[in-house]
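One chain comes next, on its own, written out as C-alpha cells in the form predicted alone.
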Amino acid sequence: MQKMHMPENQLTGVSDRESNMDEISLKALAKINLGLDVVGQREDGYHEVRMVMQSIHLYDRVEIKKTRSPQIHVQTNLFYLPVDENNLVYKAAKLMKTEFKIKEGVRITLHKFIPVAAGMAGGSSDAAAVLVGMNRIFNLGLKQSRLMELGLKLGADVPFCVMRGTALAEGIGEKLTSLPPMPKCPILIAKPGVSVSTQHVYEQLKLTEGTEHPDIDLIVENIKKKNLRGVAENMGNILETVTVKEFPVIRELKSLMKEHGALGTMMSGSGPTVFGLYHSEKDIRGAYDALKQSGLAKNVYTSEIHNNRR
C-alpha cells in the first residue's frame, strides 16, 4: 500500500531542516477541505465561501539556496511544470525580492509529490514554503501574519498554507480562524485521470433557494468535540453539484470508498481528487486494494491528518 507521505530516510526526513544560513529545506503540506460551501458572489466576481481547511501529511519538498547572482532559478522533478513566472514558487520568490529589496538571488528546487491540479493546494503550499523559507534565510524577521498577508497576493489558499493545521476559512478563503486540531485518522486519496478547471466549476455553480448547503458549523462543532465520526458523516462540498454531473467517476470513487469502510468521503476543493476518512489503518487496507483494482483512479495513496503548525 503506497503511503502518500515520504519515508523517514527520503528527502531529509519528516521535519523541516535548516542546514545553514544560506539554504533551507521545507515541507509544503497538501490540504483537503472537510467542508466547502459557497454562500454568495461578490461584485468583483469572486465567490464568498465558508470552508474547513485541513493540512495532511502529504508534501512537496522545497529547497531554497541563496545565490550571488540576483536571478531566480527554479528546477523541478516534473518536466511539464513551468520554471518561470508561470510557477507560483517563482512568483513568491519575486514578491519577496521586490518587497524587501533583496539583492541576492535564489535557486529553488521543487520536488513534487502532491498531485498537480488536484484540488489539494499543492502550488499554493509550495509558494507558502518559499515565503517562509526566504524569511528565514534572509533573516527578515517577519511574523506569520505578515507572511499570510503577502501570500494573499499570490492566491486565496496561500495564507492557509502558511498557517497550516485546521482552520475555518471565510471571505474568498483569506479570513482564517484557527480551530482545535482535527482528530488524527488515516486518509485514502484517489485522483482520477480527469482535469477540472476551478474557474469553470465556479462559473457553472448555481445557487438557488433549493440548493443544499453543507453544515459548516456542525463540522466545526464536531472538530471541537474531537468527534471524528461526526466530522466525517457531515462533510460536504457544494462544488460537487457541478463536478459529479460532469465527471461521474467522482461519484463512483466516493461510493467505492464508502462500500469499503470509509466514515465519510468528499471531493477536495474544486476536484477532481476524492478522499475518505477511516477509523484505522486496518480499515483502509481493503479500500486501497479495491480502488487500485477498480481502475477508477489514476493515483491512489494513503495519508493522515497533520496538525503541526509552523
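It should be emphasised that the depicted structure is a prediction, and the values quoted were computed from it without experimental measurement. All residue numbers refer to positions in the sequence shown, first residue = 1.
There is another form of this protein, the form predicted together with a small molecule, and it is not shown here; the text below is about that form.
Under a 4.5 angstroms non-hydrogen atom cutoff, the small molecule in the model of the complex has residue 81 among its neighbouring residues. Put simply, residue 116 is close to the small molecule in the model of the complex: some heavy atom of it is within 4.5 Å. Heavy atoms of residue 124 reach within 4.5 Å of the small molecule in the model of the complex, making it an interface residue. The closest heavy atom approach of residue 120 to the small molecule in the model of the complex falls within 4.5 Å. Among the residues 227, 144, 198, 109, the one placing a heavy atom within 4.5 Å of the small molecule in the model of the complex is 198. Contact with the small molecule in the model of the complex, defined as a heavy atom within 4.5 Å, holds for exactly one of 182, 150, 176, 88, namely 88. Residue heavy atoms within 4.5 Å of the small molecule in the model of the complex occur in exactly one stretch of 213-221, 124-132, 94-102, 228-236, and that stretch is 124-132.
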